[in-house]
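There is one chain below, alone, in structure tokens, taken in the form predicted alone.
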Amino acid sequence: MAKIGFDIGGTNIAAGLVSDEGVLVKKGSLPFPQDKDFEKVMATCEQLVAALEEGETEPVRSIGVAVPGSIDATASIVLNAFNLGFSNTPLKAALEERLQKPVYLINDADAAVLAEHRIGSLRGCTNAFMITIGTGLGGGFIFNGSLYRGGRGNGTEPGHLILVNGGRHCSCGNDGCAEAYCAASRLVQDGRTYGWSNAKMVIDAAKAGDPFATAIVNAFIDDIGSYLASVINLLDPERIAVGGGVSAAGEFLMRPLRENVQRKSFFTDPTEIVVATAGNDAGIYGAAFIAE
């Protein structure tokens, strides 16, 4: 019996049918309702499930759902998912009533980490860390071979470690969070002065040798290096995976980042830092893996 994994984002709702062997059999995607109407979100999820089940001989056993926000310790209520308009939303109960199947919730960054540990670059690690560098800065931990979901079960928010006291304003409302310095939005913010409207444009300009883009990217790498060195000094993980859209820069980003982290790390034998390999479907995989 297969499982369905949902990756609910503020732009699209993606879903995939995943076999017990961990194979993504088929997938689909529909736009997230622009008005954030909860009933429309439920209807969209139901539509995707129907499309994935069509033509399948084996029934779907359960459903996992990854959301970009915090989840309560019972994994039944989405406490806050600002991009989705969810606040204290009983998503698990609502979906179970609608779909008539067991539903399991997970934070989207945790889902990516779980996928990376099962099928990606963290496979075989007992203790590891992953960051996803997108519009925000997500991340999660593998401790003793399992996904670590926080001491109280509320998950972790490594993107909101304070990197600079009283620093740049963060979307969470605080100042100086790592997300304000190490996410793609930082490249966008700094690049606007020179006419670059997205992170890829800044990175491409730096690759071409533009001095202003190079300075922006170097400062960006320096801040990520400080962040990862701090994580290493605290936790000493075996390996760190870097995912998200910015990781597509490959060795242009990774080589100087490794050197930066090594200079700042307390340990002489540095933690291995690699590019995540589970890909754009990591959220789907991780959500399906959390379902029982």
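The first residue of the sequence shown is number 1, and the count goes up from there. Quick caveat, the model's predicted, so the values are computed rather than measured.
Below: the form predicted in complex with ligand BGC, not depicted.
A heavy atom within 4.5 Å of ligand BGC in the predicted bound form is found for exactly one of 69, 225, 244, 237: 69. Remark: residue 130 does not count among the residues lining ligand BGC in the predicted bound form, judged by a heavy atom distance of 4.5 Å or less. Proximity of residue 157 to ligand BGC in the predicted bound form falls within the 4.5 Å heavy atom cutoff. Taking the partner from the other structure, ligand BGC in the predicted bound form has a heavy atom within 4.5 Å of a heavy atom of residue 108. Of the heavy atoms in residue 116, none are within 4.5 Å of ligand BGC in the predicted bound form. Across the options 135-143, 201-209, 188-196, 118-126, residues that bring heavy atoms within 4.5 Å of ligand BGC in the predicted bound form belong to 135-143. The single residue of 175-208 lying near ligand BGC in the predicted bound form is 179, the criterion being any heavy atom within 4.5 Å.
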